[in-house]
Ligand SMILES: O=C(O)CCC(=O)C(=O)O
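First comes one chain, alone, set out as structure tokens in the form predicted alone.
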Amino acid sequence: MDGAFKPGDLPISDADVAEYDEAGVACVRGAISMDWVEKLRPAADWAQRNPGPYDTDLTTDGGEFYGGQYLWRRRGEFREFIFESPIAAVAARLMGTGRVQLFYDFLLTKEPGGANKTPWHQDRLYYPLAGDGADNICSTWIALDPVTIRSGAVEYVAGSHRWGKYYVPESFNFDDRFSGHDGIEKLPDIDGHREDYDIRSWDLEPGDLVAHHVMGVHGAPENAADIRRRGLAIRWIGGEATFDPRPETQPVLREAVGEGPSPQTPGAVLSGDAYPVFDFR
């Protein structure tokens, strides 16, 4: 479909684009208007009260860590945001492309006081995808609440998207569900050697956006503050990707792609109404 917003018309600077390219992560202040934030907040609360078939409970030792996926298929506000806001154009501009494809959306809510640390990880091998597009995915993370490092702001290892390595996925529940990656190394001990890395994080206001590359390493501490931390992440594919349901990928994503509302055939290019294309050329 043709995009309503043109990437060149957005309030994103060449410096933002260069930072995303060089660091694999960029923060864009005020990328999303408060009108959209106020529309998404009650929809986010509804989604948390009414879990869907592809949602996940990421809670570990206490508190609550909710992961709601494919929300745009279940609730009109999320659908309207994806199709009527500038978010797809924002992703295209940062990625330097005129065409992006929606993979899925992912609401991540960390309630206050919860021992719900997000381990350092790289997104790529969670995804049941192959092809050039699978290595060129941008995640746009929109803050729905004020975010600080104390409330669980995501941290990113700048430049890690250029390390040229795939790392074994880490379970958010700290179990061994992704242990089947033979011959692929685990992530280095980031926390044990933080001084060796360029670790970036931002305090955010509602409507601020952080975008990161699929190969970039990132993680987040628990929410030790007294405020909620809600972030709406939307994954955008910047090239052609095929469905590759390897058993060691994220089961929820395999099911949604392979058996969901628009089932995909293994080896076929991702297509259909469930994975719309936004063309800004």
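Residue indices: 1-based, along the sequence shown. Since this is a predicted model, take the numbers as computed values, not measurements.
If you look for the form predicted in complex with the named molecule, you will not find it shown, but the lines that follow are about it.
Among the residues Arg200, Arg73, His121, Arg124, the one placing a heavy atom within 4.5 Å of the named molecule in the model of the complex is His121. Here is the short version: of Phe103, Trp141, Phe78, Tyr167, the single residue with a heavy atom within 4.5 Å of the named molecule in the model of the complex is Trp141. The partner is not drawn, yet in the model of the complex one stretch among 212-220, 46-54, 238-246, 33-41 has residues with heavy atoms inside 4.5 Å of the named molecule: 212-220. Residue contact with the named molecule in the model of the complex: Val154 places a heavy atom within 4.5 Å of it. The named molecule is not drawn, but in the model of the complex it has no heavy atom within 4.5 Å of Ala225. Using a 4.5 Å cutoff between non-hydrogen atoms, Leu108 counts as a contact of the named molecule in the model of the complex. Site residues Arg93, Val277 and Phe280 are none of them in contact with the named molecule in the model of the complex, judged by any heavy atom within 4.5 Å. Contact residues in stretch 83-102 (any heavy atom within 4.5 Å of the named molecule, taken in the model of the complex) are absent; none meets the cut-off.
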